[in-house]
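A single chain, nothing else alongside it, follows as structure tokens in the form predicted alone.
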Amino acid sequence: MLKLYSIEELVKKAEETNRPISDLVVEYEMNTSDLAREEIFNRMAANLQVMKEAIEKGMQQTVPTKSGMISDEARRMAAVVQEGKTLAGGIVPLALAKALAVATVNATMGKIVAGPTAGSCGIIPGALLAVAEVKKLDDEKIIRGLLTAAGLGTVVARKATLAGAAGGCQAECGVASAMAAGGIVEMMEGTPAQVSAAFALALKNMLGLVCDPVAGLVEVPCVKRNAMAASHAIAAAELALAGIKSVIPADEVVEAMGEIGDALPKSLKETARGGLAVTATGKRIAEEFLGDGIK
């Protein structure tokens, strides 16, 4: 039985059986949860619906959060996309808007899918649903992309960490971007090896990303970081689908991320005592919002 401890093993099994990675992830879930195939698909479909609702709600957001740091960024970005006034055009600006929307809903304590974490919740829906919308992919394709992303995230959870408090933001936004990149490749019917390459390419370039939330809130830099990481996922998928490989294999990139996370000081791991959190502006916001500020 496949155990999801290795991306290399996952790719090898998919190639040997000539099946997509999403099929293997479903098989793994069936073996470990006693759920039927249809129920696993239905549960992921329910997650997809929550993602869609969060995007819709976030794009209508106009009221600032209690801290005042986040308000209508998603609505502004969506308006520019709708008016056709974006710089890049196509999928990337749409992904920015969708990712901002979901992360904003999270910042206002709304309902989201915390995949892989709440702090990185905008990246996977932002990237996958933007690709699906522009490429006119149906929900089954999206669900398969989500299943592939989930399988990749499971490997990371076992080999390293998904927590910003343990590994910095590379473990949250970095891994979410890598999961999304792999999911996009699956949606676009890339090969299992291309899924692995997209994952590795995305995560490699997010290594060392620190977790430095201003005032300890998952708002700044988190919400806009979600948007940037969604665009990063699309870039990695684009490279992989073009046949560009990662020199460093995916599993080794994950191991490197874990080692880097261990080496990061505590001040840069969700404690709000380093990085952007202790800039002059970050301290002022913390003092105004929390009363006593960051010491």
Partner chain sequence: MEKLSIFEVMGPIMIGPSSSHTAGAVRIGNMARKLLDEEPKVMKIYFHGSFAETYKGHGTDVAIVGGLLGFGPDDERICNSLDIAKEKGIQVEFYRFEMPNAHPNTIKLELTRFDGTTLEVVGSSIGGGEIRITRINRFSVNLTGKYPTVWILHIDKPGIIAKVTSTLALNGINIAFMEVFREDKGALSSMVIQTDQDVSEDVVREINSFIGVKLCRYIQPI
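What you see is a predicted model; the values in this text were computed from it and never measured. Positions refer to the first chain, counted from 1.
One more form of this protein should be noted, the form predicted in complex with its partner chain, which is absent from this view; the next part is about it.
For the marked spot (E73, L94 and G174), a heavy atom within 4.5 Å of its partner chain in the model of the complex is absent from each of the three residues. Taking non-hydrogen atoms only, A227 never approaches its partner chain to within 4.5 angstroms in the model of the complex.
At least one heavy atom of M109 is located within 4.5 Å of its partner chain in the model of the complex. At least one heavy atom of P116 is located within 4.5 Å of its partner chain in the model of the complex.
Shown alone here, I248 lies farther than 4.5 Å from its partner chain in the model of the complex, counting heavy atoms only. Only one of the listed residues (M59, I234, V254, M51) places a non-hydrogen atom within 4.5 angstroms of its partner chain in the model of the complex, and that residue is M51. For the candidate set A130, L147, M206, V220, a heavy atom within 4.5 Å of its partner chain in the model of the complex is found for exactly one residue, namely L147. Note on the interface: of 197 to 205, 76 to 84, 184 to 192, 117 to 125, the segment with non-hydrogen atoms within 4.5 angstroms of its partner chain in the model of the complex is 117 to 125. Residues of 164 to 195 that come within 4.5 Å of its partner chain in the model of the complex, judged by any heavy atom, reduce to M179 alone.
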